[in-house]
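Below sits a lone chain in structure tokens, taken as the form predicted on its own.
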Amino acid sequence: MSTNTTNSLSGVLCSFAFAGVITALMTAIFIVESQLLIAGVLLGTIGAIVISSKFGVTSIILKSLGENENLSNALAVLVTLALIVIFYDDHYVLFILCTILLYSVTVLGLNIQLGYAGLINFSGAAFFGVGGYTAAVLSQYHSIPPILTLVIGGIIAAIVGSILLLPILRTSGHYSALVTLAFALLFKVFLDVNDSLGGAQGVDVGSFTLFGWDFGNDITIGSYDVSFYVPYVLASLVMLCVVFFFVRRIERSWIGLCLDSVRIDEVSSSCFGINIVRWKIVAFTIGNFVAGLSGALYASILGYISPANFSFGDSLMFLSILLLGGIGNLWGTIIATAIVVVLPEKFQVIQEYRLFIYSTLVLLMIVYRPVGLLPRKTRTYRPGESS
């Protein structure tokens, strides 16, 4: 057996072991209630990462996962399915899993805007909310298929986002960011005063149904009572997989190349015939569509939404996830989402300070590590190599 084959096999085995460790770690974090024990688990994890890095185990795992993308995707899905099986009757944990998956979808949309085209969007939660309120309105009409409701939620979010296109295209940098910031604040005010959408009290959202099966009903399999959140987690996982594949295809296509060019240097891109306006519109529209798509499903999971679910604080959280994971890095986005969602839930003492923590996190990442935890790899152009 050749050395390369042996190294490849050891890398695959390490990858499977890594997936098992991640599953065990997430299980421990969800099961443990003592915040002191959770802190111990996290410190132990950090220590294990440092030690494995010194012995080269981390580099072997990362190399194996990087060289075999299908393996990485399959292991991520298997870890999620394993957590679903372990916590099949735990409503709280399954809801957290839904939140992680759908927040990841939303931030992937923001990644198209900021990570690829360089458009800063402080209103991610607003477009997430547009999808949610669209689902709430359409759920009153039982003749509309739920899958179509999700798509319409994304389309409406994209249409609403077109309102901002003119001011965004006429400005640049922090000025265009202020446009999205103003929209995020105005959106919440609009919901608060709009009685037809429930005002500040919110509105009910019908449960998701598929092929006559109501996801809101309890599930009994033999002698086991399965949480009704399980179908929602599976639906969220499918949505994340589809969007992840879609965004990855954009990144590696000529569309992604044009968006990267626009982000890096608009003047040079324009000189080479790249239509700056067109690609900014494409990035902003697709990103908002993805956010609205996930927001529609999230609203169905909640069953009741209000303006408080889509505040500026949530937009800041989405942006902090993107910065923490690494702008342009899709896997970094998912990992950062899990960190930002789970830690405040397990450390209740920081719940009231989330907005302060998100703001501080954004500032620290910009100053000390603007590339994030997992920096995006430099695009390559050699024939036969992916970016």
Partner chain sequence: MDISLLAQFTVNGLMLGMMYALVAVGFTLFFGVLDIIVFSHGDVVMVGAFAALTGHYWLTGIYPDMSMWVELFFISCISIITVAAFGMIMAKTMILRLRSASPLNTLLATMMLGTVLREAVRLFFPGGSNPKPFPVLLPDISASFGDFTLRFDSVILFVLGALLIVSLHLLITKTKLGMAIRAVAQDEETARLMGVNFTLIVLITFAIGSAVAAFAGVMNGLYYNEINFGMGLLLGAIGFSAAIIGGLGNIYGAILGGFLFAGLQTLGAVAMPFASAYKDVFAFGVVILIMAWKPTGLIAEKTSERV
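Positions refer to the first chain, counted from 1. Since the structure is predicted, the reported quantities are computational estimates derived from the model, not experimental observations.
The form predicted in complex with the partner chain exists for this protein as well; it is not shown, and the discussion that follows is about that form.
Open item on the list: Looking at heavy atoms inside 4.5 Å, which stretch does the partner chain contact in the model of the complex, given the options 151 to 159, 218 to 226, 173 to 181, 125 to 133?
Closed with: That would be stretch 173 to 181.
- [ ] Let me know the one among L94, L101, L114, I301 whose heavy atoms come within 4.5 Å of the partner chain in the model of the complex, would you?
- [x] If I apply the 4.5 Å criterion carefully, the residue I get is L114.
Task: Among the candidates I86, V238, V193, A74, the residue which, in the model of the complex, approaches the partner chain to within 4.5 Å (heavy atoms) - done: None of the others qualify; the residue that does is V193.
- [ ] Identify whether the partner chain in the model of the complex is within 4.5 Å of every residue in the set V189, L316 and T360, based on non-hydrogen atoms.
- [x] Looking in the model of the complex, the three residues V189, L316 and T360 all sit within 4.5 Å of the partner chain (heavy atoms).
Task: 4.5 angstroms heavy atom contact with the partner chain in the model of the complex for I366 - done: Within the cut-off, so yes.
- [ ] Would you check, heavy atoms only and a 4.5 Å threshold, whether F244 touches the partner chain in the model of the complex?
- [x] Output for F244 is no: heavy atoms all beyond 4.5 Å of the partner chain.
Task: Residue contact check: S320 to the partner chain in the model of the complex, 4.5 Å heavy atom - done: Heavy-atom contact with the partner chain at 4.5 Å: present for S320.
Open item on the list: Just checking whether L166 would be counted as a contact of the partner chain in the model of the complex - the rule being heavy atoms within 4.5 angstroms.
Closed with: L166: yes, in contact with the partner chain in the model of the complex.
Task: Residues of 291 to 314 having any heavy atom within 4.5 Å of the partner chain in the model of the complex, listed in sequence order - done: Result: F312 alone.
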